[in-house]
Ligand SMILES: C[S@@+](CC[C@H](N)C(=O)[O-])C[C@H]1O[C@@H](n2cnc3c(N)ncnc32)[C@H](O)[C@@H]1O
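Presented below, as structure tokens, is a lone chain in the form predicted alone.
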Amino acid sequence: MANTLEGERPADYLTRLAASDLGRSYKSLIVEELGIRPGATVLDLGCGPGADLAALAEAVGSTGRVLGIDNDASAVAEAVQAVSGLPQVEVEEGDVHHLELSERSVDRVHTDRVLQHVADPNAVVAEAARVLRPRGIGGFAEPDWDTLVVDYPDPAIPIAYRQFITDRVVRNSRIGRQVPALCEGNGLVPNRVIPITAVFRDVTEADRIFGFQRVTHRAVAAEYLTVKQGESWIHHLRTARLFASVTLFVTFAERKPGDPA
């Protein structure tokens, strides 16, 4: 999610999340479930600063190929530096809606919290389907921000806060639940969906993902919360024991053998 700390670059947030216990846990699960074999070609769409490239490179081995694509030039530059010792990895600046790749040219496609931000998720999934080989697999990890819950004495306040996020903060805020249908509509078979729910009890850790104060100020300005509600909400988050959670859905979808491109 783009709710990074005030003044923080998205690339810094992505790198830090990947290094956290939560990030390592679900990312390793995704790589395992993708069933990547040595020698395979893997495409990482929206690779950012390259948080997932090393793990994908390890999975394909020295005879495989990993291609990372992102539209952020600074993130691409960081990713290139991060994988400088991995000759099987290439990183390019490009548009994930319009891939400069041949049909049926990759074995696996990977996205992690990318479709929630793109202009046209269907176009990105269509491109993923186009470049996948028969029996190729796409792994799409995307949140559903309607699953965000925060414990608070007045339940109307976290509901309004969540509504602001789904309405105004994240472009495709409910994409986690929509991915299976997008896959089916583009010739992929969604064989498995794994829900991964992150629970936060520490406000400092949670704020690194949710950006509570900054988002609350914006919610007040947009009149989703009153000034008094916003102040009470922030005070509670700072002083009470936190319980917050949100769910990421990981959809694994296969390109059927013999399907036309």
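Model, not experiment: these values are computed from the prediction. Don't overthink the numbering: it's just position in the shown sequence, from 1.
Same protein, other form: the form predicted in complex with the ligand, not shown, and the subject of what follows.
**Q** In the predicted complex, do 70, 113 and 118 all reach within 4.5 Å of the ligand through at least one heavy atom apiece?
**A** Every listed residue reaches the ligand in the predicted complex, so yes.
**Q** Which one of 64, 46, 211, 230 is close to the ligand in the predicted complex, taking close to mean a heavy atom within 4.5 Å?
**A** Among 64, 46, 211, 230, a heavy atom within 4.5 Å of the ligand in the predicted complex occurs only for 46.
**Q** Exactly one residue in 177, 168, 97, 104 has a non-hydrogen atom within 4.5 Å of the ligand in the predicted complex; which is it?
**A** That would be 97.
**Q** Determine whether any heavy atom of residue 51 comes within 4.5 Å of a heavy atom of the ligand in the predicted complex, and answer yes or no.
**A** Yes, residue 51 is a contact residue.
**Q** Please run the contact check for residue 236 against the ligand in the predicted complex: heavy atoms, 4.5 angstroms, yes or no?
**A** Flag for residue 236 set to no.
**Q** Is residue 27 a contact residue for the ligand in the predicted complex, using a 4.5 Å heavy atom cut-off?
**A** The answer is yes: residue 27 has a heavy atom within 4.5 Å of the ligand.
**Q** The chain here is shown without the ligand. Which stretch in 71-79, 178-186, 159-167, 146-154 comes within 4.5 angstroms of it in the predicted complex, by heavy atom distance?
**A** In the other structure, the partner sits against 71-79.
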